[in-house]
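A single chain comes next, written as structure tokens; it is the form predicted on its own.
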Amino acid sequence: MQKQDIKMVVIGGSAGSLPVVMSLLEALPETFSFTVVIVIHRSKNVLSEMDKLLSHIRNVPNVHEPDDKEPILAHRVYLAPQNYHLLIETNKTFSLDYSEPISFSRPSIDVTFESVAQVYAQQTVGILLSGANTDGTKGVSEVIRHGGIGIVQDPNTAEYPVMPHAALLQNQAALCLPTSHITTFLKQLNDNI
């Protein structure tokens, strides 16, 4: 697979992942051509302004929580809305789902990764970061199974290593990278376009 074929980068994380997400967004060049979708576990009963926080990062267009049936655009950063599962439809629109939490989480990283993998297949990069449960393990498997690239943060560099460790145990084909190497990988995605 050529890196220039990547159309979707999906990033999932939980406890300890926000600083890494911010550093990854800071690494994006102004001209990145793919779509970025971020799924971060957040408390459902607390007002979250994470989209505003992430929108203050240099070179990143406004981070946006998509509405149901909203078309997916390139050169955009989307954040899974608080307390909804975020899915991708085959017509490349978003779908919001309020079904039961998965791995105690809504939004679920697994749900979004699996959905992205089914629609974007080998044009997908799935990145799983720090967290304290196993959400994302199945999602990384689906990204790889559909021909995409699965990247897992090196557990030794994660504030909460449970999530990346679980994913690596189940996904030997995943790339295990420290944050600095994930950042370099994202920069190189655009270099090849």
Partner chain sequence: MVVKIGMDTEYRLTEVELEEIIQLILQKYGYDFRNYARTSLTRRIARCMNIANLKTLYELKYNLINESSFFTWFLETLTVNVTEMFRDPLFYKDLREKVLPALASYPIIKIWHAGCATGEEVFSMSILLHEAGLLNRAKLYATDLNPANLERARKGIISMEQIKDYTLNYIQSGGKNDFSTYYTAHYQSAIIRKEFRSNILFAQHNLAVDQVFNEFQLICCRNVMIYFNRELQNHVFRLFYNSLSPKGYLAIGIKESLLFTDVKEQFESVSAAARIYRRKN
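This one's a predicted model, so the numbers in the text were calculated from it and none came from an experiment. Numbering follows the first chain given and starts at 1.
What follows is about the form predicted together with the partner chain, which we do not show.
Remark: of stretches 148-156, 31-39, 164-172, 121-129, the one touching the partner chain in the predicted bound form is 164-172 (heavy atom within 4.5 Å). The partner chain in the predicted bound form comes within 4.5 Å of a heavy atom belonging to E70. Not displayed here, the partner chain is kept clear of V77 by more than 4.5 Å at the level of heavy atoms in the predicted bound form. Shown without its partner, the chain has V111, E114, S115, Q118 in segment 108-130 as residues with a non-hydrogen atom within 4.5 angstroms of the partner chain in the predicted bound form.
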